[in-house]
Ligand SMILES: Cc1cc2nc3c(=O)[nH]c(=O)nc-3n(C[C@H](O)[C@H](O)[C@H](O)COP(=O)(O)OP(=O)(O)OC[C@H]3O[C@@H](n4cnc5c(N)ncnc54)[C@H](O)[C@@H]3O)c2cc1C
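What follows is a single chain, given as C-alpha cells, in the form predicted on its own.
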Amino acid sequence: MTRNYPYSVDVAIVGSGPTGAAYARILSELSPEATIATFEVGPQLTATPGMHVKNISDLAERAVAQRRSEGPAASGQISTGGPVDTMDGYADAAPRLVRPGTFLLPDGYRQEGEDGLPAAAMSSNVGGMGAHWTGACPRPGGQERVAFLDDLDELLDEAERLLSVDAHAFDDAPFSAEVRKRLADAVDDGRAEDRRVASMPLAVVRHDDGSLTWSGSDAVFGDSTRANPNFELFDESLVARVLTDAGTGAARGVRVRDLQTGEEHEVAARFVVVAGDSLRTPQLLWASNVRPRALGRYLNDQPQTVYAVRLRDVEPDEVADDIPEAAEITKQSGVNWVPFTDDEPFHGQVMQLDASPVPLAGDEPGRGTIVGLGWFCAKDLQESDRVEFDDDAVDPYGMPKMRIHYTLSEADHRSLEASRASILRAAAALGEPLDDSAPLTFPPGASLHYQGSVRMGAVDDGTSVCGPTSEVWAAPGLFVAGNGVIPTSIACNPTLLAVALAVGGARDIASRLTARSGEERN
C-alpha cells in the first residue's frame, strides 16, 4: 500500500543516524510547532526507532537486526555461527573485512597506485551507524578543535546531553583503576589537565542493577521527538534528489522513492538537512546538482594500530565469572582513554578483554587481565583524498556510483610509525605482550570514522562545503550533517563532535523558523 508522505513540511531530514536525530530533537524542543519529516533508506529494526542493537538481548533477534542493516542486498537471514557482536572481527587484518550490521562498497574503493579505502563500510537502517557503534565519546583537543566556533564547548555539552554520555560508567571495573594509573605514569608527564589519561566517556546508561542501555539514535531522538505530533519518520524511503530553486539555488524540498512500492513523491520543505554518512551525503548533493568545489574532497579516515598485553602482577580470580559469552563491553570491563595532543597526535582506547577487539590465541587466562590498546592517528588532510561520482553509472540504490581516491602521505606513514612506538611504550607500562607479534596496522577505512567530505569552513573560499552553522554555501536552506562536516584532522572518535555541530545547525533553523513565524503573524 502507498504510504502517506506529506506534501510539505517545514524541515525534511535525510538520514536517521545520531546527527539526523539531533536535528529532530533540537527542533522538537525549540520549534515544537514546526512540521518535520525524517526519511531513512533502510528499515526500522526495533519497536523503538533507532535503538542500539546491543540492547537486543536475544542473540538471534540481534543477528536479524544486523543482517537487515547490511544495505541493498540485506536479507535478514541468520548465518549459522555468524557473529552478532558489533566488535567481532574488529582486529582482523583482512583488507575487505565485513563487520555485523555493515556492508562494503562493491567496487571503486581503490584506484591504481593508491591506498584506497578497502575497509570502508556503511549501514542502512533507522539509527544508521548509531545502532552499531562502540559508544566512545571523547572530546576533541588541541588542533582537533574547530577554532572558528566560539561556542564549541557549549555545543559539546549539549551533544553529551543528547547522547547520554557517562565518563564513569565502568570506573569500578576490575583492574580499570590500575590500568589507568599505569598509563598515566607512562604518558601524563607534561600534558594539560584535560589531556591526561582518563576513563573513556561512553554513550551508555548504567542502571542500579548493573545492566546497561547503550545510546543509539533512540536516545538522541528522546521523548520530546517521539511525542511530537508534528514529527514523522519514514523508513525504506530513498531520497534521490534535493530539489532546489533554479534561480537562487535554495533548497525547496526532496524527491523520495518509496522502496516498498517504487513510487516517487515530491515533498516541499523550507529547510532540508542531509544527514547521511561521509560517502552518501556528498553523493546526494552531487545527484542534486549541488556541486561546490570541495564536495567529496578532504576525505579523512583515521589510520589505526592495535596491540595487546597481559597485565603484570594481577590475580585473574579478582574478576567475576558471570561475564556473558557474547564478548562485548560489560560492567566487568575497563575502558580508558589516552587523549590526543598536538605533540602526540594519537587518540588511544585501552580496553580490558571483554571489551577488547584484539583477538587472542590459545586459552584465555582470566577475564579482564588481557588489555587491548587501539591508537587512532590524525590524518594528513589532502584535497586529493576524495570520493567522486559517476553520472553515467549507478550503485545498487540507483544513485551515482562512487569512486574513492585516497592515499596515505609520507606524513601519515611517519605518524603511523610514531603511533606504533607510542603504543609499545604504553603496552610496556601495563604488562607483557601476548606473543612476538608487532602492533597490527589496519587497512585504510577500518576505523569507520570517515570525515571531511562536506566539511565546514569559516568562509566560502572553495575549501569547504558549508558554513559555521552547516548551511551549504551555494544552497540557502540546505544543511549537511554527520562526520563529513568535521573540518579538522581529528584522531578521537567523531560522533560527539558531529552531533555538536548538528546542534548548532538545528538551532540556526529553529531561530529562522521562529523569526519567519513572527513575520507571518505580523
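Quick note: we count residues from 1 along the sequence shown, nothing fancier. All figures in this text were calculated on a predicted structure; none of them were measured in a lab.
The form predicted together with the ligand exists for this protein as well; it is not shown, and the discussion that follows is about that form.
Visitor: Hey, of 380-388, 132-140, 428-436, 403-411, which bit sits against the ligand in the predicted complex at 4.5 Å between non-hydrogen atoms?
Guide: Result of the contact check: 132-140.
Visitor: Contact between L238 and the ligand in the predicted complex at 4.5 Å, heavy atoms?
Guide: L238 belongs to the contact set for the ligand.
Visitor: Is there a heavy atom of E144 no more than 4.5 Å from a heavy atom of the ligand in the predicted complex?
Guide: No - in the predicted complex, heavy atoms of E144 and the ligand never come within 4.5 Å of each other.
Visitor: With heavy atoms only and a cut-off of 4.5 Å, decide whether D277 touches the ligand in the predicted complex.
Guide: Contact with the ligand, yes.
Visitor: Test of understanding: in the predicted complex, would N300 fall inside 4.5 Å of the ligand by heavy atoms?
Guide: It does not: once the ligand is placed as it appears in the predicted complex, N300 has no heavy atom within 4.5 Å of it.
Visitor: Does each of F271, S470 and P487 have at least one heavy atom within 4.5 Å of the ligand in the predicted complex?
Guide: So, no: the whole triplet misses the ligand.
Visitor: Looking at N230, S164, T102, S199, which is the one with a non-hydrogen atom within 4.5 Å of the ligand in the predicted complex?
Guide: Of the listed residues, the single hit is T102.
Visitor: Just one of I36, V53, V41, M456 has a heavy atom within 4.5 Å of the ligand in the predicted complex. Which one?
Guide: The residue from I36, V53, V41, M456 that makes the contact is V41.
Visitor: What are the residues of 414-452, in order along the chain, with a heavy atom within 4.5 Å of the ligand in the predicted complex?
Guide: Going through 414-452 in order - heavy atoms within 4.5 Å of the ligand in the predicted complex - the hits are L448, H449.
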